[in-house]
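Take a look at this single chain in structure tokens; it is the form predicted on its own.
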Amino acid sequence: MSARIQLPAEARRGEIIEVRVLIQHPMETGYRFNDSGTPIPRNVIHTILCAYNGTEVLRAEISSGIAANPYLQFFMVAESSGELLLTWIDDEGVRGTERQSLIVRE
């Protein structure tokens, strides 16, 4: 699994910035069957966390109602230069992470 975080490369201190996240994940609901008629096991992302310089700025608990390759968009205040860390966990216990840097100017 991989993810893409899109945010401005630079921001001014106190500026509200938009963060867009796309996670590559099949989000299997457990209701589909493969070609031989065997059920495909449920495996969806259930938790998404986003921290900015170690402070949690987003926590989402999602379910099978979300389409494959979940997309999230949210806003946050740029306080200081640092790192945005995105973490997600699926039903199989697989944990993924992605990082993106942000430079904050005065």
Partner chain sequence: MKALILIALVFCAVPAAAQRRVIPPSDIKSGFEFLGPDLKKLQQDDFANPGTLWVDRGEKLWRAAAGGDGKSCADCHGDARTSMKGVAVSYPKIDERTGKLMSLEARILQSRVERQKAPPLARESEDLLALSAYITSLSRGLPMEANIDGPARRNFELGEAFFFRRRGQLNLACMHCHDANWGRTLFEERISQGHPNAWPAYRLDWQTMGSLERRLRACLSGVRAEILPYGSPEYTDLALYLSWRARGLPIESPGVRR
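Numbering follows the first chain given and starts at 1. Computed from a prediction, not measured in an experiment: that's the story for all the values here.
Below, we refer to the form predicted together with its partner chain, which is not included among the displayed structures.
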Does its partner chain come within 4.5 Å of any heavy atom of Ala11 in the model of the complex? no
- Would Asn69 show up as a contact with its partner chain in the model of the complex if we use heavy atoms at 4.5 Å? yes
Distance check, Arg105 to its partner chain in the model of the complex, heavy atom within 4.5 Å:
no
- Query: Is Arg4 close to its partner chain in the model of the complex, meaning a heavy atom pair under 4.5 Å apart or at it?
  - Reply: yes
Restricting to 35-53, the residues within 4.5 Å of its partner chain in the model of the complex through any heavy atom are none
